[in-house]
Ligand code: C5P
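In the form predicted on its own, a lone chain appears below as structure tokens.
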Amino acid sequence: MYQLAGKRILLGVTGGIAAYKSAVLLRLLRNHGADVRVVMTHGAMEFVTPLTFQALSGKPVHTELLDLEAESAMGHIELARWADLVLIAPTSANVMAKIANGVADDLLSTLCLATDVPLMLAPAMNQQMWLNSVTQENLEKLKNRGLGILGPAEGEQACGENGPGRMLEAEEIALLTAKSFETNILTGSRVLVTAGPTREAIDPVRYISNRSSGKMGYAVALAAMEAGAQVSLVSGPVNLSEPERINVTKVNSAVEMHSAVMQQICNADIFISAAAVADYSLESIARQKIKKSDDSLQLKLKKNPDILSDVSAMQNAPFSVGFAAETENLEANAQSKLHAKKLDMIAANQVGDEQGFDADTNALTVYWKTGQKQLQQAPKTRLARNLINLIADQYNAKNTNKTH
């Protein structure tokens, strides 16, 4: 069983009889949780209509380079920024040649130049076209650039010939697509992540909280799982589905989150504190609903335990990563938190003015004792994978230094 929950896949469909298999592929990708948008070449539309893919995806199909309905009429830029992965199935010999040689004369080929996400190609063509030396030269170029090549398979072809050039079956392509997200850079590691807000009760019907949606923390947990780690997630109240293959503990208050973390922390190699934990809670919670009476109401607050500080202060503390959501002085505040709490890394982001909270995209600046790196604005799912790559680099380097 594989899953593609939350993955944004741009499915490119090019001209060839195998285009009918792409409809099955689209359905499989969606059934396993992927959000899919489709780009078709003019050649593809000779075999399958855009309406087919629109009906299966529930979204408009993109066919034109200059789309007047897109922002600034630049649909290729929008789609390039949106995607986590570009999958072209089938990939014709013509489109292989375009990508290999940097030709950008339609929406799909232009988009391939405009994106910085992985590209995967599922070739489909006549066996003689596949074996042609020019196609094989283009294939080597693509492999050398790190593009994923899925197939082709061998067998009977629509032209009546037999040999290599058949597009892989949709089920196999979907499985290979899911596996492409699995990096194994944290294989064998145990990761504990916190996510979401906490709720501090005022009375039986009211509470103090914040605007955290939990999206970033959940994305980090999924990215760590894809990296091969055994992942546990302690989550405040959120409107998100529980991720598969991750042990989830649900809590409400900061005290409950502190207790859940401390019960599990001894089994963690890496602790990532992505939750927006309330700094204060009510000193006394009213047993009954507080009735409106005076023009003002005073609430006495007490300081909550600092989960991240308590973890990083442990004698055998795990590799500890904090988050800093700031409205001003981003670098200064993040660096101060990094050193004061003796963290290994901290990921800082600007919040306020519709940034950070609730949004599906974000940007981070990650700091550690000897360096920093800017992670540009991107969907939180992609941002989380980039962050996990950085964490794995620093975590593995620290463990290597310990053994020497």
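Here the structure is a predicted model, which is why all the values come from computation and not from measurement. Residue numbers run from 1 along the displayed sequence.
Beyond what is shown, the protein has a form predicted together with this ligand; the following relates to that form.
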Next on the checklist: With a cut-off of 4.5 Å between heavy atoms, is F323 one of the residues that contacts this ligand in the model of the complex?
Outcome noted: yes
Checklist entry - Would D279 sit within 4.5 Å of this ligand in the model of the complex, counting heavy atoms only? => result yes
Checklist entry - Does D203 reach this ligand in the model of the complex if we count a contact as any heavy atom within 4.5 Å? => result no
Item to check | Exercise: P305 in contact with this ligand in the model of the complex, heavy atom 4.5 Å | outcome: yes
Next on the checklist: The chain here is shown without this ligand. Which stretch in 27-35, 41-49, 371-379, 333-341 comes within 4.5 angstroms of it in the model of the complex, by heavy atom distance?
Outcome noted: 333-341
Checklist entry - If you check L79, I270, A275, L222 against this ligand in the model of the complex, which one has a heavy atom within 4.5 Å? => result A275
